[in-house]
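Shown next as structure tokens: one chain only, the form predicted alone.
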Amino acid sequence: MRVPAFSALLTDAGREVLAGVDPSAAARDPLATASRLREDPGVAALDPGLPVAELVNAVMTQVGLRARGRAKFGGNAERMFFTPDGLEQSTRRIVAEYRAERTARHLPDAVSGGGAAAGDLCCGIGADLLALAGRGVPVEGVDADPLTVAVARANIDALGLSGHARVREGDVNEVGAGDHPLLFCDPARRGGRGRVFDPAAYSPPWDVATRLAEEAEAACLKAAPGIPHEVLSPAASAEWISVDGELKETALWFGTLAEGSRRRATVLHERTGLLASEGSVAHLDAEPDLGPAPVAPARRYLYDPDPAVVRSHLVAEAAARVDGALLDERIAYFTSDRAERSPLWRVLEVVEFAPFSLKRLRSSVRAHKAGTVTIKKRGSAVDTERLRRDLRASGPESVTIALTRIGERPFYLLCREVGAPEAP
């Protein structure tokens, strides 16, 4: 999609055309919808200098992306504009709002006083700057792609945030350390061949982004959740964030934003429909003097920590909260004699713990009359789909099988939900 075709959608006539397309019908029969649009004289009139096919493509693209965008942006997606890459790379709304809330609590005086704007480098379609502006933080986005800049500006206008946010086209590598007292940067992690995994190949490169953050009064860098711990700045407080059990990102906080622990796991819950301030967020912080988690035989309850806890290397802290112990020092499962529910982990009651044997496990599943079997694994080489078929489970009950190893020996734990009744 080119800028002229996108700009045509921002006119009153363009918005009317977009509003007239039924997203369900477009998804069900895109060819019929596109054909109807090609015959619509209103579409051709959006920009007589452009081919009708290009305008139709722009309309269809936005309709499809808005439908997909609901997963990240909820109802706001119906008013927003997207590019395919922009939507894929954009921050989920609940994460952006969580970070914006934390940022707004510790604004530098130059920003809170209205004398300077925060800088959002590599702002993309504007997910993060929209969240900051929504908290009343003045923010300027910078991006190198003209279409992306146009889309971000359209989103600012669509959500009524032009009083707090603006976007300009520019090279983030030319931004100086003192240009913004508050800096947010989400380095581009895609190149001509797709996703980039080496932080040195980010744009701007990780060392450049880190230097800018370290020299700002306050800053936040967003990184992929799998970024190696060894490349993280010692000046930063690192936070691994998950949403409903899916690890989303690593946020590095600098300066006045680096509150609390040097490492934190944060679990957000979108399905609850709650805002962070209403209890949909849970934290686990590093305890420097804690030491490694103890290792012990299986106890009554199995704990499966959230991916944010695992990736932030805070399993020992999680186990300590429930007087738990690891089954193996290299595996993130831990067990305890007490059950404590938390967003930071899933807790299950252990019914049976034994070395892995398909024959024995199949017999146990049948004995518990289980027809619904959830299989989880850590450190196991067992093919879970083949195991599911081999179990031939049938019955009214539900069980969870956790596959793991202790040393080099495979084990299984047959579990049920805490509080589930005994099978008769």
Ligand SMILES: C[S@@+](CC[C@H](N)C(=O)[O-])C[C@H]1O[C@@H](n2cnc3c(N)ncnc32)[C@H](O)[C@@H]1O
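Residue indices: 1-based, along the sequence shown. What you see is a predicted model, and the numbers here were worked out from it, not measured in a lab.
The next section is about a form of this same protein that is not shown, the form predicted in complex with the named molecule.
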item: Stretch in contact in the model of the complex with the named molecule, which is absent here, among 255-263, 320-328, 343-351, 82-90 (heavy atoms within 4.5 Å); value: 82-90
item: Single option in V139, C123, V309, C220 placed near the named molecule in the model of the complex, where near means a heavy atom within 4.5 Å; value: C123
item: Residue (of P108, P225, P199, G170) lying close to the named molecule in the model of the complex, criterion heavy atoms within 4.5 Å; value: G170
item: Any non-hydrogen atom of P181 within 4.5 angstroms of the named molecule in the model of the complex; value: no
item: Contact label in the model of the complex: S112 to the named molecule, heavy atom within 4.5 Å; value: no
item: The named molecule contact in the model of the complex: T335, any heavy atom under 4.5 Å; value: no
item: Heavy atom of P187 within 4.5 Å of the named molecule in the model of the complex; value: yes
item: All of N76, G134 and A150 with a heavy atom within 4.5 Å of the named molecule in the model of the complex; value: no
item: Members of 200-226 lying within 4.5 angstroms of the named molecule, judged by heavy atom, in the model of the complex; value: S203, P204
